[in-house]
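Next up: a single chain in structure tokens, the form predicted on its own.
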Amino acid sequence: MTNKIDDRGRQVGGDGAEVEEEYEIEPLEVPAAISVHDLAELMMTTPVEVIKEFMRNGHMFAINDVVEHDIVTKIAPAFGFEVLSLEDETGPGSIVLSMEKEDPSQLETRPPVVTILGHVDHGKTTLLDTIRKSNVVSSEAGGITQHIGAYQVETNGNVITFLDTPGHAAFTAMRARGAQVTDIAVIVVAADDGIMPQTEEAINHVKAAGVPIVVAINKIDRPDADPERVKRQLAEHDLLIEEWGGDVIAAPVSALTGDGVPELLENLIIVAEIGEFKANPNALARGVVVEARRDKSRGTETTVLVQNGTLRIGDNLVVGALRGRIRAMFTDRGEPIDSAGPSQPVEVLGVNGLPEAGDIFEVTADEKEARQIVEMRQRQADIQRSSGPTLDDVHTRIESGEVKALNLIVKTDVQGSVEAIKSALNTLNTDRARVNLVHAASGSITESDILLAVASKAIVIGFNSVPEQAAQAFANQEGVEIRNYSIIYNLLDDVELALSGILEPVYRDVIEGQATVRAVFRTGRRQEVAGFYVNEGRIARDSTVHVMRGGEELHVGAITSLKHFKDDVREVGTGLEGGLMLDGFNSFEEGDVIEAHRTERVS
């Protein structure tokens, strides 16, 4: 019979008797999903014993069923093992932000990952091209042979990884899918135009991500450039630059001539040094998909960014609900390589489907583990869908431990309405709950707004603004609530109601009545009835009764029986007599004071 471990860490036999030999609980590393058969082998016991233990814990599994990690954790101690926890894979934030489970001696500094965002005409693409062409890590001039959506540059011996995303929509799409890959965001603002609506939107997206911001004030070579105006506008958006006493670096550049670009790169290195970005290159690789496409001859080409560990040819990996084995890897210059370390972007061949930007990948020990994880995720995808908050369920969300703030994205028909609604919403803020405007702008509700709502768990409010067809479909798919209003008072009423739901209700204790015990009757061996006279107020059937004697509280409990003469009643009022029995109290004496209390909600 298989010995087990009791709650004191002793080895015991099947009859519960202690076995003389001391047995130390051993750590057990279990993948995210494992078959019952393989689990039995791992714990050096028989599948029958494992199945029995699952049954004792209320789970029915057959020998070939795949079991999730959390369920294994419950039964492993019975066999002398403690299952090591998995790193969280689903929450927002960078996969490698938490290195707590890594051996500190194995951690090494990794290059920062930078995304450049900005208004469409403000020179973002030109700046990216200038940085890439002048600083690309290459032993040969003009060694750029292909574009894979991410690349590395070198400046003064330091490497920086740039993600070349189409804009803040793609940036937020990754975040919405659980992968925040960016360490630093560069916001490009044209010195002649200043902050434009798309710039403001990009700033809001980056703020929602909690990523350090560096501002590149571009087009300083223009005769009508006004960098000081840009700095004032940045301050209006709560981005106070360093020379004004803030902590945001603002670098003047000309993407066209290259002026200021080296200084911008140096500033990025400084921000990276402050951030101390580290990873363990010796671990199994994990990271995120940057982009993917199909090629008729090569199959799926997937650009991934390694965030922890080292990715190698031949590795088995899981990407979301897909899996594969790496057949080949290429740098952004098209050069074949055998391995890629932390913060390195590479194009890989071998994934058996087309993953989406933001999908997280992880290398598994072998193909069988990869297959089991994919099977489990496919089952979960059939029965689970993460849904966004609604104004009606905000209270439930907040009670689960989130901050007491209501995230909103507001879109209006005209710009004038934006300021009016922002001002009105600010009046609803209290010291206990507040509205957090993630983004507010004029125009229709777009897919980008829905992406931001998913990433920041926000509710979208349209004021005389309707969602685009694609945005509505996307909102339905992701479970994002869109509320439409044409009257501002209705909007404010609903938001105020939601804010009140965020707050934990405040209650107070109210004394409803007071009575004096005048006689005590026994109705059985252990049951007493107190005959009382109501001095003031009322004694109600649903009251909580406090029994007082000589100024001391003897008992607090519920009424089990309340009568006026022989009739069961709901309450007995002032000047009337009655009898009551209490739950758990049978020690009444004449002269005891009975107080009837109720709980009243204050707010």
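All figures in this text were calculated on a predicted structure; none of them were measured in a lab. Heads up: residue numbers just count along the shown sequence, starting at 1.
Although not depicted, the form predicted together with guanosine-5'-diphosphate is the subject of the following passage.
Colleague: Indicate whether guanosine-5'-diphosphate has at least one heavy atom within 4.5 Å of a heavy atom of Q307 in the model of the complex.
Modeller: It does not: once guanosine-5'-diphosphate is placed as it appears in the model of the complex, Q307 has no heavy atom within 4.5 Å of it.
Colleague: Using a 4.5 Å heavy atom cut-off, state whether I270 contacts guanosine-5'-diphosphate in the model of the complex.
Modeller: Outside the cut-off, so no.
Colleague: Please determine whether A519 contacts guanosine-5'-diphosphate in the model of the complex, using a 4.5 Å cut-off between heavy atoms.
Modeller: Looking in the model of the complex, residue contacts with guanosine-5'-diphosphate do not include A519, since no heavy atom lies within 4.5 Å.
Colleague: Using the partner position in the model of the complex, report whether K207 sits within 4.5 Å of guanosine-5'-diphosphate, counting heavy atoms only.
Modeller: Because no heavy atom of K207 falls inside 4.5 Å of guanosine-5'-diphosphate in the model of the complex, the answer is no.
Colleague: Pick from 288-296, 350-358, 453-461, 248-256: which stretch has non-hydrogen atoms within 4.5 Å of guanosine-5'-diphosphate in the model of the complex?
Modeller: In short, 248-256.
Colleague: Please pick, from A420, A365, V120, V510, the one residue with any non-hydrogen atom lying within 4.5 angstroms of guanosine-5'-diphosphate in the model of the complex.
Modeller: Answer to the contact question: V120.
Colleague: Just one of R325, R222, R312, K74 has a heavy atom within 4.5 Å of guanosine-5'-diphosphate in the model of the complex. Which one?
Modeller: If I apply the 4.5 Å criterion carefully, the residue I get is R222.
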